[in-house]
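Consider the single chain below, provided in structure tokens and representing the form predicted on its own.
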Amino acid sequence: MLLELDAVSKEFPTRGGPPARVMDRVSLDVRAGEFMAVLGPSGCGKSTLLQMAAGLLPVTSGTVRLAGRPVTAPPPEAVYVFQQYSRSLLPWRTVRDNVAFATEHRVGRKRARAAAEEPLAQVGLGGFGDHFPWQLSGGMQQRVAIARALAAEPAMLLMDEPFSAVDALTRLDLHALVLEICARRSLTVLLVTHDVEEAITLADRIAVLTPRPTTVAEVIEVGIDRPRDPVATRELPRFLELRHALLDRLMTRHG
């Protein structure tokens, strides 16, 4: 296992009352080279789980381990891809310099800028290095964010609803991109999403969370062969079966 959450609980202080427990002894393992998606009802703490996995939030109890080591701060092996690409990119930097930002503290700005060309080419933005983020569409900006993550050469991507702010066609395009990159690089990915179809299209396994205080209700094997096409996959009997089962479970819980 690359990432392990062992009986992790999270409480937040309240004004004048006992702490609010939002996560209750969550245990979850992510295998090296695996794509795992996390689904759950709105407000159940999916992003909180991801932030604890990333070392951005401390756990109240339990342990998070990456590559066998406790996570108490953001680990160098993992990169967090945020939902709001417009906030994660630096508007005063060019696309190339945004990507270089991931490594310039280690190798210097000149080498980082030169190395940025490869991840930009991998996400289809080879000719856009001199542009600024505000000159690009939303989907292209998210490609820049993904290129910056790849530039750091991580063992793992932690993705917090990274496609929710783009339109449906752009989302399919980004799904195809992520499937291609993960196959090429053998990346491990933990994706938080509210989109059932997205989870089935991309993931090897899907962890389904309960409402607060959140626990893991079940972990489902997707069981769809790779490589996957983000359009054709949605027509497979197994996809439709999982879609029905997951929507039924989530809507029943939410109600």
Partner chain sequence: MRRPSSGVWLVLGLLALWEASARLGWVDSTNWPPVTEVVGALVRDSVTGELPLRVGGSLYRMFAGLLAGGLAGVVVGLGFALVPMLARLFGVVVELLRPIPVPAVIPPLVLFLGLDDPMKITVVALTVFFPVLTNTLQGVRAVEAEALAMGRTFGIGAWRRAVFIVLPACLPYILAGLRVALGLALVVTVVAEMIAGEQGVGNYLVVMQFAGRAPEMYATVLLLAALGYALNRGFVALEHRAIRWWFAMGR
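Positions refer to the first chain, counted from 1. All of these numbers come straight from a predicted model, not from anything done at the bench.
Below, we refer to the form predicted in complex with the partner chain, which is not included among the displayed structures.
Residue contact check for Gly124: none of its heavy atoms lie within 4.5 Å of the partner chain in the model of the complex. Contact check for Asp173: every heavy atom lies farther than 4.5 Å from the partner chain in the model of the complex.
Among heavy atoms of Pro91, some come within 4.5 Å of the partner chain in the model of the complex.
Under a 4.5 angstroms non-hydrogen atom cutoff, the partner chain in the model of the complex has Arg148 among its neighbouring residues. Within 4.5 Å of the partner chain in the model of the complex, a heavy atom is found for none of Leu187, Thr193 and Gly223. Note on the interface: of 97-105, 161-169, 179-187, 115-123, the segment with non-hydrogen atoms within 4.5 angstroms of the partner chain in the model of the complex is 97-105.
Residues of 44-64 lying near the partner chain in the model of the complex, listed in sequence order, are Gly55, Leu56, the criterion being any heavy atom within 4.5 Å.
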